[in-house]
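Before any questions on binding or motion, here is one chain by itself as structure tokens, the form predicted alone.
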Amino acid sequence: MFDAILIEKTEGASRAILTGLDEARLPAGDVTVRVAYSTLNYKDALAITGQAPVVRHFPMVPGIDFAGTVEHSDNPAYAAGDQVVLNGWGVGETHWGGLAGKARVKGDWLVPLQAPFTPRQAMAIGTAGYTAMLCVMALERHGVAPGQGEVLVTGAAGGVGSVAVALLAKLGHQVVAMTGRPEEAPFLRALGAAEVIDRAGYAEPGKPLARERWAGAVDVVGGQVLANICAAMRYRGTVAACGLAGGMALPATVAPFILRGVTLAGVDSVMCPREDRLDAWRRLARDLDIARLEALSTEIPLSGAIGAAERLLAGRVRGRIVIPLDPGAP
């Protein structure tokens, strides 16, 4: 038996509970992992609260990522004792996820834990940090380099944003952090932000083309904020878009794209190919200051995950939430 968060659906409504599960209930897969740490992400919070139709099959163990140790493997790539990480691939949505003491998954979904990270540090980064790295890599592919101008990060006090700020600052970019929580300015400056600006200035409809400012941007908000960012990009600037906290609509015009050559690069972390995942984790091991991970993360017990989901959706969570599942894990 092991502890887990389980989402059940009765009479058309979903409900998340903390319960004990038997290993025999785990879904099909060729690798069984003892989960050391998982996290609470925005998508997990939506699943736990039922505020969006994230979960496709019930009952469901949420948790879109985890780090742990292989207990049993029928996959030639892994053996018992290997330390592994999983991000995405529909776990927590269509396949039982990481907010449980054990997980059984396809080995093809796993990647080896990258040195020098411990399982806890890997989850302090988690899917949010891995997505942030994919966004940085997207900017680099489109020619955004240090010294070219300011790079904007929206939702900067959240999981993706905080890691993106830390990464871009260490790589030498002049980072401007946008947040709806001005009280987090000291935290963001400590991560490396040169300036902190209020999201309110970008939340209302603006001009099709604004004054050129941003050489690059990482956006987790979407909606009107993303439209205004595109309008303020410098010539041939690039926006890496990976979120929709501000809505799915994009009330923009084609003007930035056809008059300034702006690139809007979509970033998906869920179905990202294995080689790109490995590249992202290798880059994180090289380019993320491990000493800053503690400032980026807060640890809570599994029993606190359901309550924390509400706080996360309300924008009252800073950085990353790490959840230990194995008391003996580093």
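These figures come from a predicted structure and were not determined experimentally. Numbers follow the displayed sequence, beginning with 1.
This protein has a second form, the form predicted together with a small molecule, left out of what is shown; the following refers to that one.
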So, P119 and the small molecule: in the predicted complex, are they within 4.5 Å at any heavy atom pair? no
Using 4.5 Å between non-hydrogen atoms, is A245 touching the small molecule in the predicted complex? yes
Residue contact check: V322 to the small molecule in the predicted complex, 4.5 Å heavy atom: no
Going by a heavy atom distance of 4.5 Å, is T263 a contact of the small molecule in the predicted complex? no
Interface stretch in the predicted complex with the small molecule - options 78-86, 149-157, 167-175, 91-99, non-hydrogen atom within 4.5 Å: 149-157
Consider the chain as shown here, without its partner, and state which of V221, V239, V105, A232 has a heavy atom within 4.5 Å of the small molecule in the predicted complex. V221
Which residue among A128, A217, A124, L191 has a heavy atom within 4.5 angstroms of the small molecule in the predicted complex? A128
